[in-house]
Structure formats: structure tokens, C-alpha cells
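One chain follows as C-alpha cells, the form predicted on its own.
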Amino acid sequence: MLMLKESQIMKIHYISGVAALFVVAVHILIRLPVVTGMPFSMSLEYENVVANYQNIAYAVLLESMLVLIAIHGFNGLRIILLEFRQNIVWENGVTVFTLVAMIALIAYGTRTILIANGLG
């Protein structure tokens, strides 16, 4: 299993947090009615949401947002759970659990984007 020092894991946590802030800000700016040319409520209609997923640049933005937030969020959960106990079995179990959950969430989110593009 790939072993990273805690300082390296924290660097990943900080970088993913800052990057997620940037990507979410871009996402919010793109969703503004001034940019889309339609009211926000209309942009949430099924056809418009599917059209967003089919726009490759926007799909890449959504995928990067999914990955960054999943990495940051599950690593934060991992850090919280490690505060409960400090022994190697607990630490390895928490790490494996959060990695598996993170990968499952990313796979499910990616599946949604692929299905919207007729690839799933």
C-alpha cells in the first residue's frame, strides 16, 4: 500500500481545499444569469442540466469539482476519525474506509456525467 507521511497528506488536503474553492467559484460564476442568459430556476430544468453535462468544458469543470471536493472532504473525515483513537489498526482501517468511500463517490459521480453523454 502506498504510504504517505502525514505532512504529505496534509499538503494534499490544503491544496485540494484551495483548488476546490477556485473551481467552485468558477462554477458559480458560470451559473450566473448574466453569463447563461437565463434565469437560475430555468437553468435547473432537466434539459438544461443535461446540456451542461454534454458541454465538454463544463463537464471537465464538474468532474474536477467532484474529485477535489471528494479528496478534501474524505481526508477531512479521515482526520476527524483519527482523533478518536491512535493505534495502527484503527488508522489503517480509517484510511482504507475513506479511500474506498472516496473512490466510490467519484466513480458514481463520473458515471452520471458519462451517462448524460451517452457513454455509460
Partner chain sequence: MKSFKEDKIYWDSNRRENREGLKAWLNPSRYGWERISYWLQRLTGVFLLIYFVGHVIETSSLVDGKDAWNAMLELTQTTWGHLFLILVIGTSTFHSANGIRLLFTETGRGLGKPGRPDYPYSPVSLNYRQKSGIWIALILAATAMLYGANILFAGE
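Positions refer to the first chain, counted from 1. Since the model is a prediction, treat every value here as computed from it, not as a measurement.
A second form of this protein, the form predicted in complex with its partner chain, is not displayed here; the remarks below concern that form.
Using a 4.5 Å cutoff between non-hydrogen atoms, residue 44 counts as a contact of its partner chain in the predicted bound form.
Contact between residue 99 and its partner chain in the predicted bound form is not found at the 4.5 Å heavy atom cutoff. Not displayed here, its partner chain is kept clear of residue 92 by more than 4.5 Å at the level of heavy atoms in the predicted bound form. For residue 18, a non-hydrogen atom is located within 4.5 Å of its partner chain in the predicted bound form, even though that partner is not displayed.
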